[in-house]
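Take a look at this single chain, the form predicted on its own, given in structure tokens.
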């Protein structure tokens, strides 16, 4: 079992991520990535792009500004509705999210409550300020966006974007024309978003500056089901915790037929299946550590008609935690921007004129990176990150067994050859066991050792991280062997 301190200690020690600006005592809600963290994050992003843009030939990656004018966010509803419930101590002035206070006390989620309901529950549970024990003041709504004043006098009001999605909606009509007027059309952004969280906590799980990977799929609700049939995928059971079950520590296996029978559109179920495949097959998350959690009408975001969180069980964070979501946003966003901008967002598609509906696949990149660190961290006689080979920051390490007899020079030639094809690392410092241990801690799946037998033409040894077993491979075969192992095309057999 990985504790938060265990994972964070390894993360800091081995260059994954850590609290920002710690030179000045830290900066709450902000984290920096080190050299290995950036590589892990980019591997995840590349796999996400390959997986979800690969669902259709008409899905594309774009990038947009991170600062938006007030008018656009007024039209989207964020100015009026993008709020959390703020509770402040009357004695010390410390601020808290109301639902977090209740969650800490009851160990259950309390999303969607009004300020009045939060106040009533705080009185009922006799909750005091966690910092000083003082009385808590009345709950109130708090807008989480960061405001900006644009221009030399700051007269033009704007905000840092609270989600990447609005950049997509603002560019919908331009891309629809540029992509030759086809639906469904998918536009994705992988980029930064900003939320002024009341009480950032649990490390990289709740941040004020964070990375999102979101795909917005624009579609005609009358034809979408025919264009994305469930087909053979429909036989895969889904891990689902319905709204009344999500405070339970598990989930049920639900057939696609049963999910549709409970009112979910078949096209929505199809995309749940694709998301589940990404986690179970590509990221290799254990099945019992994954689930979808339904949010009811009070809990889900104001723009969603159907909302399932993607949750991964993380011991370092105390159980199932949200890492993404599948959201049916209807035509809310495009109609809001049509009203605010007075520019028509309706299109002619086939014989129909419509404002397209939107299905959003949304993922917190930082949360997924932390989840991978949590799930793959194992601490026994040695600490090891059992990352899937494709996600490991370093794919292969090269070591000379000893630093004499021409072995280091030969090892450097092997390293130079592999470096042209892989993210490789050369290390000749310390004992061979210590070098293996360092690579195990950053998740490097394979280590190549050059020894005296190598100089005799008998190949190199390749060590597999998890089993610690070794095989002998001819130098000429080494690049192709590693390619197959890292891609998963072949398995390591000692």
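Please read these numbers as outputs of a predicted model, since none were measured by experiment. Numbering follows the first chain given and starts at 1. Throughout, rigid core stands for the largest set of C-alpha atoms superposing within 1.5 Å between the two forms.
Keep in mind the form predicted in complex with the RNA is missing from the figure; the text below concerns it.
*Asks:* Based on heavy atom distances of 4.5 Å or less, which listed stretch (416 to 424, 238 to 246, 345 to 353, 197 to 205) is in contact with the RNA in the predicted complex?
*Replies:* In the other structure, the partner sits against 197 to 205.
*Asks:* Of the options 132, 141, 402, 71, which one has a non-hydrogen atom that comes within 4.5 Å of the RNA in the predicted complex?
*Replies:* By the 4.5 Å criterion, the partner-contacting residue is 402.
*Asks:* Decide yes or no: are 173, 284 and 375 jointly within 4.5 Å of the RNA in the predicted complex, with each residue judged by its heavy atoms?
*Replies:* Not one of the three qualifies.
*Asks:* Does the 4.5 Å heavy atom contact test between residue 382 and the RNA in the predicted complex come out positive?
*Replies:* It does: once the RNA is placed as it appears in the predicted complex, residue 382 has a heavy atom within 4.5 Å of it.
*Asks:* In the predicted complex, does residue 78 come within 4.5 Å of the RNA, counting heavy atoms only?
*Replies:* Output for residue 78 is yes: heavy atoms within 4.5 Å of the RNA.
*Asks:* Residue 432 versus the RNA, in the predicted complex: is there a non-hydrogen atom within 4.5 Å?
*Replies:* Looking in the predicted complex, residue contacts with the RNA include residue 432, since a heavy atom lies within 4.5 Å.
*Asks:* Check residue 26 for me: does it contact the RNA in the predicted complex (non-hydrogen atoms, 4.5 angstroms)?
*Replies:* Answer yes; at least one heavy atom of residue 26 falls within 4.5 Å of the RNA in the predicted complex.
*Asks:* Enumerate the residues of 287 to 324 that have a non-hydrogen atom within 4.5 Å of the RNA in the predicted complex, in sequence order, or give none.
*Replies:* Heavy-atom contacts to the RNA in the predicted complex: 301, 302, 303.
*Asks:* Superposing on the rigid core, I want to see if residue 140 changes position between the shown form and the other one - specifically a Cα shift of 2 Å or more.
*Replies:* Yes, the C-alpha moves 2 Å or more.
*Asks:* Using the rigid core as the reference frame, would you say residue 86 shifts its C-alpha by 2 Å or more between the shown form and the other one?
*Replies:* Superposed on the core, residue 86 moves its C-alpha 2 Å or more between the shown form and the other one.
*Asks:* Which way does the C-alpha gap of residue 101 and residue 313 go in the predicted complex, closer or farther, given it changes by 3 angstroms or more?
*Replies:* Compared with the form shown here, the C-alpha atoms of residue 101 and residue 313 sit farther apart in the predicted complex, by 3 Å or more.
*Asks:* Knowing the Cα distance between residue 99 and residue 372 changes 3 Å or more in the predicted complex, does it shrink or grow relative to here?
*Replies:* Farther apart in the predicted complex, by 3 Å or more.
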